[in-house]
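As structure tokens, one chain now follows by itself in the form predicted on its own.
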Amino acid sequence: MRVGITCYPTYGGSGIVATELGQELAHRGHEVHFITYANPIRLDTSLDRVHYHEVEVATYPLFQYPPYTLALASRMAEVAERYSLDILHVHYAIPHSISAYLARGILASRGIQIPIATTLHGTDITLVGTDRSYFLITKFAIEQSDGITAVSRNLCDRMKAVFEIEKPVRVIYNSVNLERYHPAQHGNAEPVLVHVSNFRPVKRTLDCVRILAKVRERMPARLWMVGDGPDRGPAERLAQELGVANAVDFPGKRSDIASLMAQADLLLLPSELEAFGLVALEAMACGVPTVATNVGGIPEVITHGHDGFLCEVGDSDAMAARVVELLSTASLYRQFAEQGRETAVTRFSSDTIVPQYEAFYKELIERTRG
């Protein structure tokens, strides 16, 4: 198949999922065309059958804001026609689904029929989509898609409840490349906690610093805060205030998450809301236990007391206690590490998940051509 993929190329879960999916599809022999305004952060354009098409947005004095949605629609139609794409797969509803809808109309006027698959990732429904300014257009975009997938059952249920949409939604979980994400030996002088995010308020980044401070009252530990965003400055200041600044590292945005994750001892995921929790899956694949919040789709990935611990949002005391319990009990830590890896292998491997997308594409293509 020849697949067009559009995503946000920035440091965020939806873009990472889309990029990894496209590269896995290429490995399986499909031709994949990424269409977006910048090269996705984890995209290796040197791979065979992977192509990148930049969306250029012209600026004119007439426009207060550059009309990216229109430029994207035009580029989608152009690439789809030139390379005879079989399907357009867009990640994150706004504005990508609307651009794909317009591109489909352009192509239909030229006698070309192509289906649109829209994957919902979380904040496109729970944050952007529920904003009064975007509610109707988000609902319309979803309804006009030829096929819809959601990354968790929780997100699927929320979408149907919020937008009152009756169309079928296919739940296809996120996947992890087990060859790239795997356990590794390391010899940290002190246990290392790691947090990976875009440092937005919904991630509750500052809770990680609070948790570290509480853990260090009982045992030595360090914290790697990987990523960047609006809460980085406040997190740095809080580390100073709590006296743990020397134990917190801010390496910024990193592309080597697999190797970095394998060098950590435990993942902190204190988010207020997560549609899936991709970083938890990546940690599990590396044999790194997770202490997370019991929200959104996280319980569909982590089983409390089996391969991780789940706590209530904002309960830094409870999360710190679970961290200490894991790091001070070798048998429990080993159990969680092994069972987490097993969960990744049996439920979320690329070999399990990517064929579900392939089957979904074929259904939409056959229905459109039929």
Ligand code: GMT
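Computed from a prediction, not measured in an experiment: that's the story for all the values here. Residues carry their position along the shown sequence, with the first being 1.
In what follows, reference is made to the form predicted in complex with the ligand, a form of this protein that is not presented.
Engineer: Answer yes if any heavy atom of Leu278 is within 4.5 Å of a heavy atom of the ligand in the model of the complex; otherwise answer no.
Structural biologist: Taking the distances in the model of the complex, the answer for Leu278 is yes, it comes within 4.5 Å of the ligand.
Engineer: So in the model of the complex, does Ser14 come within 4.5 Å of the ligand, heavy atom to heavy atom?
Structural biologist: Answer yes; at least one heavy atom of Ser14 falls within 4.5 Å of the ligand in the model of the complex.
Engineer: Taking heavy atoms only, is Pro289 within 4.5 angstroms of the ligand in the model of the complex?
Structural biologist: Although the ligand is absent here, Pro289 would stay clear of it in the model of the complex, with no heavy atoms inside 4.5 Å.
Engineer: Even though the ligand is not shown here, does Gly122 get within 4.5 Å of it in the model of the complex, heavy atoms only?
Structural biologist: Yes.
Engineer: Which one of Leu273, Val248, Val79, Cys156 is close to the ligand in the model of the complex, taking close to mean a heavy atom within 4.5 Å?
Structural biologist: For this set of options, the contacting one is Leu273.
Engineer: Quick check on this chain: which one of Thr293, Thr118, Ser99, Asn174 has a heavy atom within 4.5 Å of the ligand in the model of the complex?
Structural biologist: Contact residue from the list: Asn174.
Engineer: Based on heavy atom distances of at most 4.5 Å to the ligand in the model of the complex, which listed stretch, 197 to 205, 134 to 142, 161 to 169, 260 to 268, is the contact stretch?
Structural biologist: Residues of 197 to 205 come within 4.5 Å of the partner.
Engineer: Which of the residues spanning 83 to 97 lie within 4.5 Å of the ligand in the model of the complex, based on heavy atoms?
Structural biologist: If the 4.5 Å heavy-atom criterion is applied to the ligand in the model of the complex, 83 to 97 yields only Tyr92.
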